[in-house]
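Okay, here we've got a single chain as structure tokens, the form predicted on its own, with questions on binding and movement later.
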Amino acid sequence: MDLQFSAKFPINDIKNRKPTMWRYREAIPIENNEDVVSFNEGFTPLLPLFVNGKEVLVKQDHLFQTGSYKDRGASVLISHAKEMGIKEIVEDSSGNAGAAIAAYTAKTGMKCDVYLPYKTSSAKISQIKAYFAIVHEIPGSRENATRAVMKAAENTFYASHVYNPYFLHGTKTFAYEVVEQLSWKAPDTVILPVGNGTLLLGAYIGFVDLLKARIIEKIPKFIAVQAFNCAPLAVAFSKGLDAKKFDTKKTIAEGIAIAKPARAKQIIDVVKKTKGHFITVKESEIVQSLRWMAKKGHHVEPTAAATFAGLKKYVNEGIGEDELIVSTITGHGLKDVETPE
């Protein structure tokens, strides 16, 4: 289920507010200011990066409170939970969403249980535990963690970053910030990593909000990056098959290692509507991208490196000379200190 919500953008007021994602207050569906749970997150820098001679603008979303863009969604979702008077939540995650939810519930004093695949990176597990959340490490796949949390959610509020639409109304602020940082215009192309699609779907909602408000004149083309070893959406997009039927292999890009994305049809529809496509990257390309980013002074996690491996492929496809491309660093390198060098 998704929200029906009309976003408003009083630009003159927005310009005079502090540089956080909550500067777009009238576009975020939380009624009372006292229920907003925030670390003053957002409005991350949009920095230039040259990729094979082409300048790309990169949103630094690894600079959030917990080191990933998931704080956007967590801030809005936990504000909604506070608004409802919730005192205890459960969540399942491959790591970053769990850390974000744990941090924001810690700020409110809510009890938080996070269900993770057993082989989640130790750095992410340590981070979640540091916020005094209770960690449940579930044997097997990411999907096993979801099945486990569903049972727990029978009696407890499920703060799902995948199913709960309030999370997407946090990640949509990515689009608002990009457009404001580009002097209130939309980029031509947005390149994002996709597993469960929470950033891609949120960004699309954000650009649609801005289009409806007549602030921008177009929706950017969306290029979605998946790891070759776990690319059900890319295969479904190219072959028109059910994305839930494909075998997958292990990938170091654990943040997008989602074999059965719950919002698969929505994700594919967004890519099609915007005349975009999917790019898949192999494990060796992800590792090479990690090294390449590090040489430029960016310490990123493997999922973020996969994005830039895909970005390189996109640039090599041959793009317009004036094409304005925006991408992002979704997670900090300290999230996964066990990645092969």
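Numbers for residues come from their place in the sequence shown, where the first is 1. Here the structure is a predicted model, which means the values were calculated and not measured.
Heads up, the form predicted together with a small molecule isn't pictured, but that's what we're talking about next.
Contact with the small molecule in the model of the complex, defined as a heavy atom within 4.5 Å, holds for exactly one of Ser79, Ser160, Asn196, Thr173, namely Asn196. Put simply, Thr303 is close to the small molecule in the model of the complex: some heavy atom of it is within 4.5 Å.
In the model of the complex, the small molecule sits within 4.5 Å of a heavy atom belonging to Asn96. Taking the partner from elsewhere, Val90 is found to have every heavy atom lying beyond 4.5 Å of the small molecule in the model of the complex. The small molecule is not shown here, and in the model of the complex it never comes within 4.5 Å of any heavy atom of Val178. Partner contacts here mean any heavy atom within 4.5 Å of the small molecule in the model of the complex, and among 48 to 56, 290 to 298, 308 to 316, 66 to 74 they occur only in 66 to 74.
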